[in-house]
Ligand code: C5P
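Given next, in structure tokens, is a single chain: the form predicted on its own.
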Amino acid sequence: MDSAPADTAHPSAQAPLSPADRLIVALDLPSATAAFDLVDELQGLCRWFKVGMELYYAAGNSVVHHLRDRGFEVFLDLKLHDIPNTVAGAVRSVSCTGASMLTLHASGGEKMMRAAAQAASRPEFPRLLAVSVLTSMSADDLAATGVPDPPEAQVLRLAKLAQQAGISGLVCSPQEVAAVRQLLGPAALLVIPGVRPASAAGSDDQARVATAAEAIACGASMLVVGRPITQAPDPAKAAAALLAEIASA
């Protein structure tokens, strides 16, 4: 059973969100068939799905169109990062998919983000989210790239840069969300990966993680959850448990 979403195409931290509006299930799968099988398994529990590079490169715009035709909202996580003109063109190109949110790397700089924001200025275009520091990166990983500051300092630097460029949404780990919320204020849309259920053990390849309840309590707007749902023996049961944990927060 499909679930027609509420009017959440451009969610705001100022508007009250239901648990189903806060949870984005990451369809990090190798084919459209596998992705749609999982969507069917979730039995209409979820309204938002993330289409990342693995699935998008395998299936293209058609997978986004299919999800939109079924009434779901799509978070298109392509992490665009190139010269300003190229990124602006990419934003315009994917606008036809009907995706509600689209990511680009904040490390591409203010000019790149500003060009993207100008390209996405029409109401029907996806809302842009700036990716700060990947949740898989530790302080040592960041230092190896030439950034000596700890992850939180770099996240806050990039968050401010994104805000100056006209990007009102940010992707960061749960460990930085409270500081980012304080910096950007209540209107910022903070989409948080690296979320694990309270019952989960381990963090896979994520270095900076938290539970769903912890992330919400710290100021997260929406949560992105992949493997705890997609690799669960019963994905629908796992999703329902996460929705209950979000509701309790």
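Residue numbers run from 1 along the displayed sequence. The structure displayed is predicted, hence computed values, not measured ones.
The same protein also has a form predicted in complex with the named molecule, omitted here; what follows describes it.
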query: Interface segment, criterion being heavy atoms within 4.5 Å of the named molecule in the predicted complex, picked from 82 to 90, 114 to 122, 129 to 137, 150 to 158; finding: 129 to 137
query: Proximity of E73 to the named molecule in the predicted complex, heavy atoms at 4.5 Å; finding: no
query: Partner contact for V225 in the predicted complex: the named molecule, 4.5 angstroms, heavy atom; finding: yes
query: The named molecule contact in the predicted complex: V63, any heavy atom under 4.5 Å; finding: no
query: Heavy atom of V171 within 4.5 Å of the named molecule in the predicted complex; finding: yes
query: Residues in 80 to 100 close to the named molecule in the predicted complex, defined by a heavy atom within 4.5 Å, in order; finding: none
